[in-house]
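Presented as structure tokens, the chain that follows is alone, the form predicted on its own.
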């Protein structure tokens, strides 16, 4: 039996095992998928274990998407551009890093949110690996303005500097410190707000918190929360109360997972069965 899993910390409420197992079973592939909770000091050992002959690879989530990069043998060009990896493929003993979050977010934005980012104004909350992928996806979709915000200027500057070279005429990428003047001015005008932080995640330290107060949510905008567990996060609840369109991150999770599945197996995944498995797992956890 082949093996794959998700690497992150904590992983108490991850639905990835259910989603991937549904994909393997639907395709008739003899493989199992596990959750591998991994603290920072355990990361190198966990990555090296992926070199075993039975390993297909792994997914990588918070907080390791950037930290795994130097532990791999090489990167796909898009992962190198983003500077973060969410999928590792075992290829004849070598470990290759990919980033399927870019495509996964783009598909979820189109299919789940019904949102065309071209010419739109977007605020991205966070500056980690997920925010990097979301920003690149929005650049590729030709959003007019993409404003990243967070509490660590060094990380925000790094994201903007790394990705600014990918922007074209009509696309502006910048950053603002959390709750500073430019951030507060931009939020009410935003067509789309994307939460790329773990705030609101079931079982996390801020499980009951919305990263934005209702007053800051644009009433006519779309709020996309990459957090998928619970199905309705505090942020999405606040967005609905404000009258904004609220979009869960479950679709993005499944679509990026389908890309990982294809990289591991060479086959297309049954995303409908993956979505069903994800919804059932969320219902069981609630």
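Numbering follows the first chain given and starts at 1. Predicted model only: the values in this text are computed from it and were never measured. Rigid core: the largest C-alpha set superposing within 1.5 Å between the two forms.
Omitted from view is the form predicted together with a small molecule, to which the following refers.
With a 4.5 Å cutoff on heavy atoms, residue 120 does not count as touching the small molecule in the predicted complex; it lies far away. Put simply, residue 62 is close to the small molecule in the predicted complex: some heavy atom of it is within 4.5 Å. Not displayed here, the small molecule is kept clear of residue 90 by more than 4.5 Å at the level of heavy atoms in the predicted complex. By the criterion of a heavy atom within 4.5 Å, residue 151 is counted among the residues contacting the small molecule in the predicted complex. This chain is displayed without the small molecule, yet in the predicted complex the stretch 128 to 136 from 162 to 170, 128 to 136, 73 to 81, 179 to 187 comes within 4.5 Å of it by heavy atoms. Contact with the small molecule in the predicted complex, defined as a heavy atom within 4.5 Å, is made by all three of 196, 249 and 253. Only one of 145, 141, 201, 210 comes within 4.5 Å of the small molecule in the predicted complex through a heavy atom, and that residue is 201.
Note on the partner interface in the predicted complex: the residue among 236, 227, 68, 217 having a heavy atom within 4.5 angstroms of the small molecule is 227. Core-superposed comparison between the shown form and the other one: CA of residue 259 displaced by less than 2 Å. Here residue 61 counts as shifted, since its C-alpha moves by at least 2 Å between the shown form and the other one after the core is aligned.
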